[in-house]
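A single chain, nothing else alongside it, follows as structure tokens in the form predicted on its own.
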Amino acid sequence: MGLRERLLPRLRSRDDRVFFLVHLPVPVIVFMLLASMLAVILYMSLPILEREGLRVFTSNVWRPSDDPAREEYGLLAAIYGTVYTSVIAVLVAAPLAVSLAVAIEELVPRRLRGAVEVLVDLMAATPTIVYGVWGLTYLAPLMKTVLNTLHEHLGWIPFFSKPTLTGLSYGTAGVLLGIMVVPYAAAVIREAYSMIPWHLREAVYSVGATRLEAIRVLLGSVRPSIVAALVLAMGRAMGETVAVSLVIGNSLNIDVALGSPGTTVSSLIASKFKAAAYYEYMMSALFAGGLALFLIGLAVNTLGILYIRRWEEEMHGAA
């Protein structure tokens, strides 16, 4: 069935047709903006892609030179750092966001709920540079103590195999990103949790479930929203620039140890963009990093959508 056949039953009245035609340009414009951004990024990436091929994504080198023939650029360390810190951020944010959403809906007294929601929204609206300065001043020294203590006692585990000298590391960047994305994820989860029908809540309690058991069941009913919230949080974490640049160490390093410094695509672009105009291929390499970031985000969102659809199919099959 084509789009026209699917829309006709819904557009029988004149008002419906007018409403549809008035609002149709909006999604078209959004799609065109997205397509134009991708086209520009791809076009600007072509010089380095034609010169290096896929090696620009699989090698770890950053060697600018006044002689274009000697320039070498590889984004592997930045791509690795982006994915690694984002995964850490999601692992940190997931329990915090779920707990925060449940606490607001189930535990906070109704007369205080509005104030707590305002504080959470204020946390989401705080400029990222504020998080970055706080992370550099207070979180980095704290993470230095924590990571070095874990290294002393659990150094045989690869994640804690190296100490950190300054606290500027993958671990610090991941924890800071996790804290930053909590309000976004919690807002999505809280909205879904508040929309659970009352008859479902009453049915859970009617079979003798405790409050903890009831919360577990209710959270299971909004599992797609939790997944969507975490996908949104991961996308937000991958695109963060200023705060990460201040606490990750900005080193072209690939290491699983949380105490090691590293870099991300966003922080690499921010730190190198001003100097890129003086070199033949550096600007193109930075745009290739933006292309890699776009593709990673597309892959993460696609996996999230596929998971949600599979869950919905399972629920419809069970029904």
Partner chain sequence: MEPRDPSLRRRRLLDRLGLAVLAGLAGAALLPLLHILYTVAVNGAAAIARSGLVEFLTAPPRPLDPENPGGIGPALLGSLWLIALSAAIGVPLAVFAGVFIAEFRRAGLSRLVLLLSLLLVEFPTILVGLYVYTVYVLPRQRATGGVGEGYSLLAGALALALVMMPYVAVQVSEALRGVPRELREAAFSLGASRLKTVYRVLLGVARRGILVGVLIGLAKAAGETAPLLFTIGGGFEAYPRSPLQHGGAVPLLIYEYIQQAQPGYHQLAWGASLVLLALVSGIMLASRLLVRRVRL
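What you see is a predicted model, and the numbers here were worked out from it, not measured in a lab. The term rigid core refers to the most C-alpha atoms you can superpose between the two forms while keeping them within 1.5 Å. Positions refer to the first chain, counted from 1.
This next part talks about the form predicted in complex with the partner chain, which is not shown.
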### Task
Answer for Thr164 alone: is it within 4.5 Å of the partner chain in the predicted complex, judged on heavy atom distances?
no
### Query
Are any of the heavy atoms in Ala140 no more than 4.5 Å from a heavy atom of the partner chain in the predicted complex?
no
### Query
Taking heavy atoms only, is Arg63 within 4.5 angstroms of the partner chain in the predicted complex?
no
### Arg236 within 4.5 Å of the partner chain in the predicted complex, heavy atoms
yes
### Message
Looking at heavy atoms inside 4.5 Å, which stretch does the partner chain contact in the predicted complex, given the options 93-101, 144-152, 78-86, 165-173?
### Response
93-101
### Message
Val118, Met123 and Ser245 - do all three of these have some heavy atom no more than 4.5 Å from the partner chain in the predicted complex?
### Response
yes
### Task
Check each residue of 167-185 against the partner chain in the predicted complex and list those with a heavy atom within 4.5 Å, in sequence order.
Ile179, Val182
### Pro27 C-alpha moves between this form and the one not shown by 2 Å or more, core aligned
yes
### Summary
in the predicted complex the CA atoms of Val28 and Val227, compared with here and shifted by at least 3 Å, lie farther
### Message
Relative to what's shown here, the Cα pair Val188 and Val26 differs by 3 Å or more in the predicted complex. Does it come closer or drift farther?
### Response
farther
